[in-house]
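A single chain, nothing else alongside it, follows as structure tokens in the form predicted on its own.
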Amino acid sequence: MAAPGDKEVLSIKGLQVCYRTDRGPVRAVRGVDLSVREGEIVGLVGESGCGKSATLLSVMRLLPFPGEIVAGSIEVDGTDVLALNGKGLQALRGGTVAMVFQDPMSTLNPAHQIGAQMKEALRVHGLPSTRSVLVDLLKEVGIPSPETVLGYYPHQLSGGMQQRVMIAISLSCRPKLILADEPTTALDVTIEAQILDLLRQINRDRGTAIVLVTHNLAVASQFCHRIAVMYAGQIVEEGSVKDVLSRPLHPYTRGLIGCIPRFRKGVPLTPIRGQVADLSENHEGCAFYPRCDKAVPGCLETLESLLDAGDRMVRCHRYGVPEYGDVAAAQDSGCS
């Protein structure tokens, strides 16, 4: 992997996303702060419905109706994304930042050949779209017989090859940031490893920053520099891969790790009890409180921001609240 630089290519502050529904507003993202530096790979992990994809779609300004950004700021390479429209958004999407979606078959147009779809992305940004340029892009992502593949339709390719094409399109305009929304979910384990190796190589060779949305902590541990754990629309813990996975502080992070199968006799799975928080409800205090085995009365109070726990940030009343002890005290009492 590339060594992260000092300059931020993505800065999200106080992001709030709301979906207007018949049941009332659903607060899908509730005050997310996230930064990504040049060449850095950040994993965004958590259960389905916790706001990971909504956060990435907000960066691209692609939230589906009736979703809307109601508060916060987003900057990509120093540009205020929320102030863009028209040609500004067109230049951003695919130019400065590109997105690799979960299902390439639903993203690629089934009515057009691969070559035509690759040309479109280049032409929109005023870049050369000759056959040799397209062939070189397909070669870079490891597609065999690229000259032939340019004439194929998406259904003539396997899922892994379709995802490679999507990555080639995302690379075509040399973006500084790639947003990968569970790019390997529909693939088998062998192809998943190949796609992740490809993204890692892109990061190493081009210095491209990547945000990887995944529910797989094993993937995040091998692929990312840093992990941000999301629950109920909020980041509840953020730090280096080593720190977060070897010594998780938030009860939800520990719960996710406890759900990972261990192939050792006598080591049972420890699923997180209860149900995922209903985001249409107005949660007072910690949204994880009803499912937490370490809950204390102070958990019903609202924490407006992450707390500094030394080697990472954490959103938990067990840390930094005087009446319940500091980080060290919480660890000594068995909270970690």
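Predicted model only: the values in this text are computed from it and were never measured. The numbering used is simple: start at 1 and walk along the sequence shown.
There is also a form predicted in complex with a small molecule; it is not shown, and the following applies to it.
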| item | value |
| --- | --- |
| Options 267 to 275, 288 to 296, 26 to 34, 305 to 313; stretch whose heavy atom lies within 4.5 Å of the small molecule in the model of the complex | 26 to 34 |
| H215: touches the small molecule in the model of the complex, heavy atom cutoff 4.5 angstroms | yes |
| Contact test in the model of the complex: V59 vs the small molecule, heavy atoms, 4.5 Å | no |
| Exercise: A54 in contact with the small molecule in the model of the complex, heavy atom 4.5 Å | yes |
| Contact flag, S48 vs the small molecule in the model of the complex, heavy atom cut 4.5 Å | yes |
| T21, P66 and L279 each touching the small molecule in the model of the complex (heavy atom, 4.5 Å) | yes |
